[in-house]
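We begin with a single chain expressed as structure tokens, specifically the form predicted on its own.
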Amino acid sequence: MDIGFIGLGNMGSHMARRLLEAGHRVIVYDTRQEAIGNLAALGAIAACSPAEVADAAETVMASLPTPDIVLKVASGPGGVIEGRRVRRFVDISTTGAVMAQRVFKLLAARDIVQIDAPVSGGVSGAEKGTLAVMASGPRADVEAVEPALRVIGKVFFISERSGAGQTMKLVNNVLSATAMVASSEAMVTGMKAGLDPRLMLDVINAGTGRNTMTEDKIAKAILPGTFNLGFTAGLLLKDVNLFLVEREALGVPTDVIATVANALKLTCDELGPDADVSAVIQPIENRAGIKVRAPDTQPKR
């Protein structure tokens, strides 16, 4: 299958690579020439614009950081909408349902079907092909691209309604963000009370408090002080705020998630939006006067 791929960042580069390794002909574009060059070295075909990608492939995928960038790439000057061959635009980004529906309508005017198919699983999931892919759009079109989507992860068909996949992704991400913030506060509290951080994780993960933060992220990025999960606090705050916009329109009370948004905003204000998401613990540590660190001093086997 000929597949266009736009956006070769931490996630997109791995997904495009996996499509190449699966035998697909992949045409790539990114604003960074280095990113294009890295994929071209693996056999991808380099393009000079989103429109050029859409000239070369019926299916174009995009993994982009913000809704505004998705809108520009999909429907702006030199965008996918100007491509002569494209028939489907598969948006792997997180944009929220409102933007997904807007892009769907704009592309539909040019007989291009938009499929929103956001993913979850982080950089490691993109690298291993174990992402959760939440697809929504006309079923026949989703089925047409499903073989390619299965290369990057497990595909869940959410709905034929545009934007439903985006809502599912936001529901997932606010739960992940809530686990990050709550686990950070709990770990700092336990550490200040004199508990050993590794023992805390062992107990929590054997009990009912376990979550993705305690099972993986704290040990990987916080205890050694590396803060390298590969996703920024600014992007997660964007996702949480998109969720808050949707829940406002639906009239659902979400006081806990609003508090999580405040914690992420504090992280961005104090450390910058490009800080790793695991750095959400640092403002808590700074106010408590203690750091949750435990470098691994065990001998390597």
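Don't overthink the numbering: it's just position in the shown sequence, from 1. Keep in mind that this is a model prediction, so the values were computed, not measured.
Beyond the structure shown, there is the form predicted in complex with a small molecule, which is absent from this document and is the topic of what follows.
> Counting only non-hydrogen atoms and a 4.5 angstroms cut-off, does residue 114 reach the small molecule in the predicted complex?
No, no contact at 4.5 Å.
> So in the predicted complex, does residue 56 come within 4.5 Å of the small molecule, heavy atom to heavy atom?
Heavy-atom contact with the small molecule at 4.5 Å: absent for residue 56.
> Given that the small molecule is not shown alongside this chain, does residue 218 nevertheless sit within 4.5 Å of it in the predicted complex, heavy atom to heavy atom?
No.
> Can residue 3 be called a contact residue for the small molecule in the predicted complex at 4.5 Å between heavy atoms?
So residue 3 does not count as contacting the small molecule.
> Residues in which of 56 to 64, 243 to 251, 37 to 45, 257 to 265 have heavy atoms within 4.5 Å of the small molecule in the predicted complex?
Careful reading of the contacts points to 56 to 64.
> Would the small molecule in the predicted complex be within 4.5 angstroms of a non-hydrogen atom of every residue among 30, 123 and 230?
Every listed residue reaches the small molecule in the predicted complex, so yes.
> Of these, 19, 292, 279, 11, which has a heavy atom no more than 4.5 Å from the small molecule in the predicted complex?
It is 11 that has a heavy atom within 4.5 Å of the partner.
> Check each of 102, 87, 72, 154 and return the one that places a heavy atom within 4.5 angstroms of the small molecule in the predicted complex.
Here the answer is residue option 72.
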